[in-house]
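Below you'll find only one chain, the form predicted on its own, shown as structure tokens.
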Amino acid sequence: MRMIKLHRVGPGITVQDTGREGWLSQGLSRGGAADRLALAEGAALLHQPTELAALEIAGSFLSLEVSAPVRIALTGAPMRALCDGEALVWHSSHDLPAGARLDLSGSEGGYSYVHFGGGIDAAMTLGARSAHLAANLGRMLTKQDSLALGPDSGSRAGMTFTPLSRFNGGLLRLVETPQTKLFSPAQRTRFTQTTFRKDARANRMGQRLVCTGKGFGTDTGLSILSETIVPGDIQITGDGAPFVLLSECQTTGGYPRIGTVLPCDLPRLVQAPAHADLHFAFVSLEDAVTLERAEADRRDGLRSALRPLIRNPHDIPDLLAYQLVSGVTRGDELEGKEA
């Protein structure tokens, strides 16, 4: 059985997959990877199902060793990656030989992912392998943990792609909630004209946002009847700060929600560094559906967007246009001058 052994493990490292759908009525939110797009990217790089489990690294560090040859893919927030001291390219797939040590460090925040050919064969609980820390399902990984890998039916590695730009903050698009109209037009306008940044207080349940100036609130106060909430909902808490719910959020809540971030924009929130600016804009439900469909099509086409890390000369149509011997020619010129 192929295994990975963890040698140096920082905080916030867990096994994650796409989470547990269908348990909301039982009080369990979906959970799963904070950046679900990163799971799709890793699956595309390794040509395997998106549902397979990977390692999620929440702004931390990790060193591991593989017991047998294994294919890996690195997605999400870029880190410094070394295999036995040799640098690996992020957003790419690689072959690791038996006994190789993978060292990851230098994260600027956000969530990074290590995918393995065949996925991590962790115990299945309620239909998923992912740790749901808020529900006490699974746990953070620690030094000397060993994890089994599933059978890998693929063989290709050495591929890369250009990821969706989502590591520098930017615009987050919203749809209205049943409580949006509880906020005055002036409050909603100020909300969309405000520049926010991520607060240090965050976890897999949600992300608090901060800004200059006063907070936000409704004319009728912050307490409402508790009702169902989902990832992407923006609650306005007691101090007037927005709190964006994430994958391990509770299933009901009593704070008013000024809007809901589109699922296709949530990766931009969770991957934004602390210093990045974030802005909000409301879109219609019809436009939101169109945007989500377009993103689903883009995810489905990830495999066709892959390219080799090292190009084969036979695949370069304009090879003769490259000055492959210019360095030799220049050296000959210099040698002639010195003579």
Partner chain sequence: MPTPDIADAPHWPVVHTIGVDGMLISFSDTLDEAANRAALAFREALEDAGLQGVLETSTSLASVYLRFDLRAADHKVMRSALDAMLRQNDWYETPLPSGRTLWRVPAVFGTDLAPQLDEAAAMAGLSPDQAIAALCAAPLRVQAIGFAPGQPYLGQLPPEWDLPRQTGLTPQVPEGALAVAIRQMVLFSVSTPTGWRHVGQTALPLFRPDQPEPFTLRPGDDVQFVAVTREEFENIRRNDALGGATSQAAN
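Keep in mind that this is a model prediction, so the values were computed, not measured. Numbering follows the first chain given and starts at 1.
A second form of this protein, the form predicted together with its partner chain, is not displayed here; the remarks below concern that form.
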property	result
Partner proximity in the predicted complex: H115 to its partner chain, non-hydrogen atom cutoff 4.5 Å	no
Contact test in the predicted complex: L262 vs its partner chain, heavy atoms, 4.5 Å	yes
Contact flag, L285 vs its partner chain in the predicted complex, heavy atom cut 4.5 Å	yes
E86: touches its partner chain in the predicted complex, heavy atom cutoff 4.5 angstroms	no
Candidate stretches 96-104, 143-151, 119-127, 157-165, one within 4.5 Å of its partner chain in the predicted complex by heavy atom	119-127
Sole residue of L302, A274, L28, A68 within 4.5 Å of its partner chain in the predicted complex, by heavy atom	L28
In the predicted complex, the one of N136, T192, T212, S184 near its partner chain [non-hydrogen atom within 4.5 angstroms]	N136
Complete contact of P178, L225 and R293 with its partner chain in the predicted complex (any heavy atom, 4.5 Å)	yes
